[in-house]
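Quick heads-up: it's one chain on its own, the form predicted alone, in structure tokens.
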Amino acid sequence: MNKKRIAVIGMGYVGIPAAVLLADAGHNVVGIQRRSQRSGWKIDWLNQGRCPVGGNEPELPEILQRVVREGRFMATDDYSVLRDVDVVLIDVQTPTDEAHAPIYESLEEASHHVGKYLRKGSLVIVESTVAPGTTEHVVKPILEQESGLRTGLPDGFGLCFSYERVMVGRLIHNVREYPKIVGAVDDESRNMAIELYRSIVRAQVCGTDIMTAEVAKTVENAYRDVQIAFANEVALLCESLGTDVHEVRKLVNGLPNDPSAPHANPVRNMHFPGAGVGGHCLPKDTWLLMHGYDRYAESKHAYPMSVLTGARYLNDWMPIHMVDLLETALGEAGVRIRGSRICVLGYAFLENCDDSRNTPTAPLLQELRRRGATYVIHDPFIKEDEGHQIEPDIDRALNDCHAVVLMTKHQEYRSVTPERLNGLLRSRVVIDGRNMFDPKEFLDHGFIFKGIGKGNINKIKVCSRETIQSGVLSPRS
């Protein structure tokens, strides 16, 4: 294809991998980043070929270094570079407020900047996740007003919505290997975008209309959110019924994939339960979907929408349940939660990364404060976030605490053993929110152990005592 001059607005988890892959495909790419106190440092890092994304991101640092060295990518805060580009990708954050309504401040600001420099024949692609209807009713009017052009090629500018399916730890892989969906206002805009994405995407690039693409993006994440909520509700049932949700999950998922009868395929894929859902997308995309329905639906149904929103409320409640488990465990140890000191392991929302957006650790900390506990946070990838000071040394974080609460399954936490905790904690209490630890190992050392969906703990305790008393194992401490 013809090499394009491309601007990518927003140097985050979506914008950076998209920009460097396009540059690596031979396009001339400029990344635009606001020089704010929080994120402005990224500009200098990117221009030096240093990757701002922490954690383990295969290929991203190497590709970034290469395209910077070869002069095909640079970063700036100067929007005037837009006057010389053929394609603009908008990759800014679109959070929601306390009422679950989308906050489009960054999206609207970017749209105003883009509109001022739009030329006839240019293409604008919104990659930010938005509520269905947003590209048509929010972005399009701003672009038309600022540019004085009409939407549609060839006489005006092209407009598309095309979302990325990124995940931290797999940014390059997901952009390059997963099917790409392109929604457009007209055929020429769609064809232009499809040709562009085919230069970096190895999978199928599918065309559709903008509303369908917007709905598909939010539904993808709402689907996963509902699946996680299902697993969490089953975990709560297992806690009450005295079973282990992970054993239940293994048995449920034992049904085979039988392609001989697609309409009756027995395969199941029950998700993992856990201490909460985080990240930029899952905690908000259901609300974006419902916002689009409330604002732009052509008709409304009498049946109240409940499955999607109910899943959201349950997943948001799981950090509170973690504190409930903690308070119960402390009580069994003879310690009141008010006045206790808790070590919280993990602030990132996902293991082995530095992404703390919408981390479930934040509401857990808020609930700990509400119940009168103090805490110290450890995370190997994050130094400070939202005013929270994070202790870099795990032993100092653990020292003199009454309990350990695991919120993130970082690889480093596999080194947390009963022997290590014995010399550091004031009382032996462990709460596992990610099924990382072996309960029996801790119970054999006299710990009080609780975990999401671990309703069989009392049975393990009995088994452990009987095993020790029979002489098969002797108490170690």
Ligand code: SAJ
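Every value quoted in this text rests on a predicted model; they were computed, and no experiment measured them. We number the residues from 1 along the sequence you see.
What comes next is about the form predicted together with this ligand, which does not appear here.
At the 4.5 Å threshold, heavy atoms of Leu107 stay clear of this ligand in the predicted bound form, well away from it. In the predicted bound form, this ligand lies within 4.5 Å of some heavy atom of Phe272. Contact check for Arg434: a non-hydrogen atom falls within 4.5 Å of this ligand in the predicted bound form.
Among heavy atoms of Pro380, none comes within 4.5 Å of this ligand in the predicted bound form. Just one listed stretch, out of 216-224, 333-341, 88-96, 237-245, contacts this ligand in the predicted bound form at the 4.5 Å heavy atom level, and that stretch is 216-224. A heavy atom within 4.5 Å of this ligand in the predicted bound form is found for one listed residue only; from Ala311, Ile172, Cys281, Val130, this is Cys281. Taking a 4.5 Å heavy atom cutoff to this ligand in the predicted bound form, the contact residue among Asp354, Glu164, Glu391, Glu327 is Glu164.
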